[in-house]
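Okay, so we've got a single protein chain in two different forms coming up as structure tokens, structure 1 first and structure 2 after it.
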Structure 1
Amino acid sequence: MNGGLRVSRRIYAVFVLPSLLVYLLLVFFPILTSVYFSMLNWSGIGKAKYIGIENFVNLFTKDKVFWTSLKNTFLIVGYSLIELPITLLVAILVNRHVRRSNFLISVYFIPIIMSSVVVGQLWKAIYNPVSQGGMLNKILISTGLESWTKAWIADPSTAIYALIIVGMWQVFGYYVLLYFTAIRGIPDELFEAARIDGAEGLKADLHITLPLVGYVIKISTILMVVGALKAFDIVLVMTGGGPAHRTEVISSYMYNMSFISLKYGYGSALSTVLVLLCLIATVIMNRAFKRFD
């Protein structure tokens, strides 16, 4: 950049202020308000009482559901991180072994453009008990695994995993596409040269593909982890956090506290924890990846 265009302050304001104000008033200001609310004992009606960090103390020391929701949130992050290398492998294989690769990739991608309401409701129907025509249970019966049938999302032992699978299913095609496009951008000559040197297939991938898609690995890891920390819609649509809080994540617990139990202060404390988690995770990952570069 050669210094940029010189403009008057007024012109600068005309271009910058509208977006900046909209953004500050509707994103930043509410977040700060919510930090303030988190120090109140308030039900939305009547007077709010300032109680300092009491909500946070209760959250971390007395609230079992909070720990469940934290555990579930990290469980989702964990499974998402397992999914990433799989999507990379799929992208490599599709690129090398499938002739109509673009078609395959765009079909993999379909779930990501669908609303979480449709995805959640569709999978609810898939997980339904046999008596309500659930697809999964019917498949189990027709393959002779009748003893495995379950009400997947009503059963506390399977509910959270059932939801995690839905989340993984929905984002799968997105990450395959990210890697696929990056791999497509690698010049063929590099693979040719590697072949002459005797490196083919997965060996060539280790030395050529992996380093060259490094920046996408970084981006996708950050997107995946922050996305998993924010996970919310699917939980709300499919279980609302139940049965007995077993599928609660931080966001759903925050929502239930704020809008169902009407504990505005407590809900805001949860919301503050969520924002902090997302920001801290981003900073940590950026630092970690910088070391790799």
Structure 2
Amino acid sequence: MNGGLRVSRRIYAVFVLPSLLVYLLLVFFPILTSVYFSMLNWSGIGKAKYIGIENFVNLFTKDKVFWTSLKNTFLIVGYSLIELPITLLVAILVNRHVRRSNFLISVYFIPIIMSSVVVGQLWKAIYNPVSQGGMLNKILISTGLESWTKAWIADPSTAIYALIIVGMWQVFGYYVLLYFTAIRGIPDELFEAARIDGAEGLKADLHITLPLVGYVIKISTILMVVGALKAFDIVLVMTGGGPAHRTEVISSYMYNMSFISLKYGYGSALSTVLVLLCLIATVIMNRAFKRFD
């Protein structure tokens, strides 16, 4: 018996080891390397100077753009969390009331399979001023709301919210599909039994749907929050962090400092902060959703 157990553990180790090595090489080692680079004054080329935690001190005490990027990142996370219950509600309604639901879900899913560059350019065309053919401003003018027209992604007061809408639109169908698939996996017999007991509609959703898709709610929340913390591509394509750093997020600021300003050590400090935020968020959400394990 013990011999068989030892053999089983060796077999498990043989199969796990390749994946573990790949994980260490592609994830863990780069994180450690980034932490090391964050303690250097280095442009990415030539000789580096060790400065300890000076980059982090400057980051938290002197860099106003960092605090703007942190605020914008948390703003994206907050709006992303608002989107999750909406996608769950849409999935429930589509499953219950739409006959050709698979077709509708496929339509919802189209934005997520589009390149972020395509999505960014599409929405830039929508947000453009009227002089550049901006569709949104043309609609506002045609409906008598000319006073509402703006240069949406050039105006510091609206730019970040314009980007948030684009990000929410792009991932909307992905989370609807996750919830829709989980709901479809619930046996019909449970809803029929609930109907006999007088539980239909909202009551059935509260007592059957939500508990049985709890694990998907946990996974989707973690994916949404971590994805929002790492928001980058839409910002880079549409604004590059402008105007005047008002749409900067941690990822875009890290990119600009590392590869545009050639402050690679400082950019590595930003990446270290981002990794810590993702780890903290994952731990908090795992504990919050522990009941669904």
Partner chain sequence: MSLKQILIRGPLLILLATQIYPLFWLLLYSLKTTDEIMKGSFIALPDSFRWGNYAKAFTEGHYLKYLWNSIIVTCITVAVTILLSTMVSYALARFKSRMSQPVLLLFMIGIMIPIQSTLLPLMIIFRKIGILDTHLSLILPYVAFSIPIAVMIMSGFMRDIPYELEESAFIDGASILRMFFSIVLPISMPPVMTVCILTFISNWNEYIMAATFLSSVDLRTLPFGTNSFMSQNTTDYGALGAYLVMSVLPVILIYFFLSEKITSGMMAGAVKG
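For residue numbers, the reference is structure 1: its sequence is counted from 1. Quick caveat: nothing in here was measured; it's all calculated off a predicted structure. Only the largest set of C-alpha atoms that superpose within 1.5 Å between the two forms is called the rigid core.
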Report task. Would you check which of the pair is the form predicted together with the partner chain? Result -> 1
Query - Per-residue Cα shift, Val16, between structure 1 and structure 2 [Å; core superposed] - result: 6.8
